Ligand code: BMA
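Just one chain is shown here, as structure tokens, and it is the form predicted on its own.
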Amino acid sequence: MPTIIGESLPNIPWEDKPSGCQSVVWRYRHNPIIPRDLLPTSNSIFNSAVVPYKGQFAGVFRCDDIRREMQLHSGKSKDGYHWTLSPERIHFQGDDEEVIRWEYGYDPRVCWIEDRYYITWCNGYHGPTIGVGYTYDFEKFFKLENAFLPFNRNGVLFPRKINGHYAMLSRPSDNGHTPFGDIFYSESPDMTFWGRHRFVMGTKGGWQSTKIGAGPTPIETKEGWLLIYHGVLTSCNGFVYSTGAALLDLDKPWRVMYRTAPYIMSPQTIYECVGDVPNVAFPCAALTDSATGRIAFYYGCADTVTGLAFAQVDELLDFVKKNSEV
């Protein structure tokens, strides 16, 4: 029985682990896969979300434009490596002008649930909060009510209802470059009203001592929800964003069963260490193939470009359990 509970994805972007690699996660050798100037109007393209779509791939991308305003663009790809992005930002449709009024948007996640692709992102509404919308085709996008009051970031949906409710992870924050942050769980009966908030996990020492936040859509496995997340430490030269992993209970995802004490990836390459915001490896999306256990995840590098990395689910789960500090 496959460890990953979900669909097979035979065309998942993939590169075998290099000979001699000791890490549980390895980078695509042709990174970055999306340059900062893929669009004529883009200053940078980074923390972005990708999903399988009609035998190929589609996604929503953070594109900070040359005015340095934070925008969301849609994009499509035949192979998951080479991307074409819409030159126009996403214009959400809706009946309420107060809801669809656009201030800014960044760090999207995309998640297929039941019959549509839901998008969550950090939405500007008198400060940062969690925007929620959906699309069927990555051409037309519809906006729902914001999930929470300001201030909040890193809203990440689970890929199915849990105990009959939609479920989301988020990180309450402030109006600036938040020097704190823990992960919380919330539920909704209708994707509009959110409650039953539960604490999931907070900061630890070292690489995750300042703040943490959920990354890609949690991956359902036989052993629990595999959560790839980011952690931040404050160095003498500013924030450093690394990547870790945790295993959450399937029925009560606010219960953390295992959590990596060491990071699984940190900013070490030139494209992760040098850019508009140095020293950032920020995961936002994960593709999975249940048949092979392969995981390919997309991550923002130095708040400038987009990278791709790989892992094998059984190897990653084993690492999480053997190196856990809950």
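The first residue of the shown sequence is 1; numbering continues from there. It should be emphasised that the depicted structure is a prediction, and the values quoted were computed from it without experimental measurement.
Another form, the form predicted in complex with beta-D-mannopyranose (BMA), is not on view; read the next lines as being about it.
Trainee: At 4.5 Å between heavy atoms, is Y229 in contact with beta-D-mannopyranose (BMA) in the model of the complex?
Mentor: Result no; Y229 lies far from beta-D-mannopyranose (BMA) in the model of the complex.
Trainee: Heavy atom to heavy atom, is V280 within 4.5 Å of beta-D-mannopyranose (BMA) in the model of the complex?
Mentor: Contact check for V280: yes, within 4.5 Å of beta-D-mannopyranose (BMA) in the model of the complex.
Trainee: So in the model of the complex, does Y106 come within 4.5 Å of beta-D-mannopyranose (BMA), heavy atom to heavy atom?
Mentor: Result yes; Y106 sits at the interface with beta-D-mannopyranose (BMA) in the model of the complex.
Trainee: Is N47 part of the interface with beta-D-mannopyranose (BMA) in the model of the complex - any heavy atom within 4.5 Å?
Mentor: Contact with beta-D-mannopyranose (BMA), yes.
Trainee: In the model of the complex, do K17, Y263 and R294 all reach within 4.5 Å of beta-D-mannopyranose (BMA) through at least one heavy atom apiece?
Mentor: Result no, not one residue of the spot touches beta-D-mannopyranose (BMA).
Trainee: Only one of 253-261, 267-275, 35-43, 280-288 gets a heavy atom within 4.5 Å of beta-D-mannopyranose (BMA) in the model of the complex; which is it?
Mentor: Flagged stretch: 280-288.
Trainee: Residue by residue through 53-90, which ones have a non-hydrogen atom no more than 4.5 angstroms from beta-D-mannopyranose (BMA) in the model of the complex?
Mentor: Sequence-ordered list has one entry, R62.
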